[in-house]
Structure formats: structure tokens, C-alpha cells
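First, one chain by itself in C-alpha cells, the form predicted on its own.
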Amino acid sequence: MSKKVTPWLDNLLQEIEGVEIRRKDSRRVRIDIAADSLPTLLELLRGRAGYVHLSAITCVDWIDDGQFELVYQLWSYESQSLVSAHIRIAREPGVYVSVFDLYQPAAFFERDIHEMFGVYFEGSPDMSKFILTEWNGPPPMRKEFDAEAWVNETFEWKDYQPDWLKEITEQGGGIVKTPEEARQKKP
């Protein structure tokens, strides 16, 4: 049987300055906090509130604000509730501290964010590539990354006209629009 996130959590969070709390429902809480205060928050949540499971760290690229948002999802088996802690860091230099010492699964999430967004986590046990091992381009999840331009610069295009496609095209099938035609807006 699940328990509601109790007021004691609100009292606990009052120990940290600059915390903004938003209840999403009886079992979900969103906390916005200054980046410098996140390690203190995580220590409190883990040690005194029972949020022992770090289920994810995700990253959002707010390119117009010049920031990355890091979101830490913490689960409490005791209260059956989820806390999402949100911080913002500057896109440049895109560096933050690792929370591996508090939550060992952080190493996986930090490595993934480093690879996809270029954020470096100081103190993380491993920042080497692990998914995009053959990738030599910029971090592909950054909003300024132009996938089509990168493909055009990286690969040579060849006209692909196999016999089986010619037959389909002659019958009215196959690719009817080029990518350029598909991008044009209809009047």
C-alpha cells in the first residue's frame, strides 16, 4: 500500500535554501534547486528520507538560455513516491559534479549525458565512450547539432537505382519526393 508524500518531506526540504517545491500529485514531487545545493539535497533525501533509488538522470538542452537542465529521478520504496530534482548549469563549460559517491547508478547516466550532450561530470569513475564508440562528431543531442549537414559532410552520396526499384518506380511507386521537395511548404 502506498503512502502519500508526507509533510515531513516539506519540513526536511526547508533545511536547504532556495528550494522550490511543486507537488505533481500525492506521490510525485518536483524540486527546483540551485546546482550548488543539489549534493546536499541528495544526501538528505537518501539518508533521512529513504530515497535510495536513483532511477535516472536526464538532460535537457535549453540552448536559448545557454543552459543544460539536469533532472535527477529518485524513488522511495518506503513511501512509494518519486522526487525529481531539477538543476540548471551553464552550457559552457558544461561541467558538473558527479553524484556517483551517493548513487552508484549515476555513473551510467553521467556517461550517457557526457556522450550525448558533452556535459562533463567531475569525479565520475568513467567518462569514456560506450554507446557511440565509432562516433567522432559533436555530441549529437545538442540542439545546435545539424544531423543532415553532418551526414552530408561525412558521407558520400551515391545514386541508388537498383533494378528492383526501377521496376517499382515505373509502376508509380517508390520515392516520389526528394527530401528538398518534402521540406517545401505547401501554398
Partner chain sequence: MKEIDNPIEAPVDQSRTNPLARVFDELVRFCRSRSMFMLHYCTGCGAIELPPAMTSRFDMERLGIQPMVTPRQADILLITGYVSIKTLKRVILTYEQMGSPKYVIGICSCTVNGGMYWQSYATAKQLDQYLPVDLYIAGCMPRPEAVLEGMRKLMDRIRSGEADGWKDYYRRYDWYLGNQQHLFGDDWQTPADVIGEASHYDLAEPGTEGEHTRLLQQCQKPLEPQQTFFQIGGSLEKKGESHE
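It should be emphasised that the depicted structure is a prediction, and the values quoted were computed from it without experimental measurement. Residue numbers count along the first chain shown, from 1. Under this definition, the rigid core comprises the largest set of C-alpha atoms superposing within 1.5 Å between the forms.
Note that the form predicted together with the partner chain isn't included here; everything after this is about it.
Candidate site formed by 23, 34 and 121: none of these residues places a non-hydrogen atom within 4.5 angstroms of the partner chain in the model of the complex. The closest non-hydrogen atom of residue 140 lies within 4.5 Å of the partner chain in the model of the complex. Heavy atoms of residue 44 never reach within 4.5 Å of the partner chain in the model of the complex, leaving it off the interface. Fitting the two forms on the rigid core leaves the C-alpha of residue 151 displaced by at least 2 angstroms between this form and the one not shown.
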